[in-house]
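Take a look at this single chain, the form predicted on its own, given in structure tokens.
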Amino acid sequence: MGWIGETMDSIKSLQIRQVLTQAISLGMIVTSALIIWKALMCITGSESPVVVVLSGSMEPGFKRGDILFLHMSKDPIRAGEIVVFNVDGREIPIVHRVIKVHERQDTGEVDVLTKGDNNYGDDRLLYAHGQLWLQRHHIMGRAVGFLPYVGWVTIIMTEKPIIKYILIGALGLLVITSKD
């Protein structure tokens, strides 16, 4: 039986106390990650402080797989800034550059028009039907930094879910069979 048989014997021989200790440790790791994420949300003012570039629309500046760090401040958005925004009816945020800013004289609210650096036209075709501008509530944050290529892990696990399940299974097996 080899390795699988030894693993099954190892699982059977675990005491309840070890299982509880490992479950609590796993719970603490997950809780710590959530606390760190929430803290980053508070510090950056962005609902998603880290995003992965999923397409080549921002090349050559940002390539597919780059991770962007976001910050959202009260400062007005200016043309030339790179923003991440959500469009009504779409779940995946979009990373593009602001090309035009329109300030409404009556309310003082700022509307923006975006475009991918590698795209021919502006993003009006990506916006919700009938929408010509993005309002501030659509914008998740401004790009303030990036890590190249690190986001490929996320892209691979999204495009090939079997890899994600294998990785989760292997980590779970590692936690269950590890001895303290």
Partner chain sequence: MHSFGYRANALLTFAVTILALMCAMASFSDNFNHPSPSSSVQVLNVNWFQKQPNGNDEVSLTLNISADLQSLFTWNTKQVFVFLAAEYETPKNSLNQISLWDGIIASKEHAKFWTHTSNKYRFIDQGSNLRGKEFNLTLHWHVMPKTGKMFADKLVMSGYRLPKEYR
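Please read these numbers as outputs of a predicted model, since none were measured by experiment. Between two forms, the rigid core is the largest collection of C-alphas that superpose within 1.5 Å. Positions refer to the first chain, counted from 1.
If you look for the form predicted in complex with its partner chain, you will not find it shown, but the lines that follow are about it.
With its partner chain omitted here, the record of contacts in the predicted bound form names 53-61 of 23-31, 151-159, 53-61, 37-45, defined by a heavy atom within 4.5 Å. In the predicted bound form, at least one heavy atom of E103 sits within 4.5 Å of its partner chain. Remark: I92 does not count among the residues lining its partner chain in the predicted bound form, judged by a heavy atom distance of 4.5 Å or less.
Among residues of the shown chain, H138 is not one whose heavy atoms approach its partner chain to within 4.5 Å in the predicted bound form. Remark: Y127 does not count among the residues lining its partner chain in the predicted bound form, judged by a heavy atom distance of 4.5 Å or less. Within 4.5 Å of its partner chain in the predicted bound form, a heavy atom is found for none of M72, V87 and D123.
In sequence order, A143, V144, G145, F146, L147, P148 are the residues of 138-159 having a heavy atom within 4.5 Å of its partner chain in the predicted bound form; the partner itself is omitted from this view. Once the rigid core is used as the reference frame, the Cα position of G80 differs between the shown form and the other one by less than 2 Å. Once the rigid core is used as the reference frame, the Cα position of G89 differs between the shown form and the other one by less than 2 Å.
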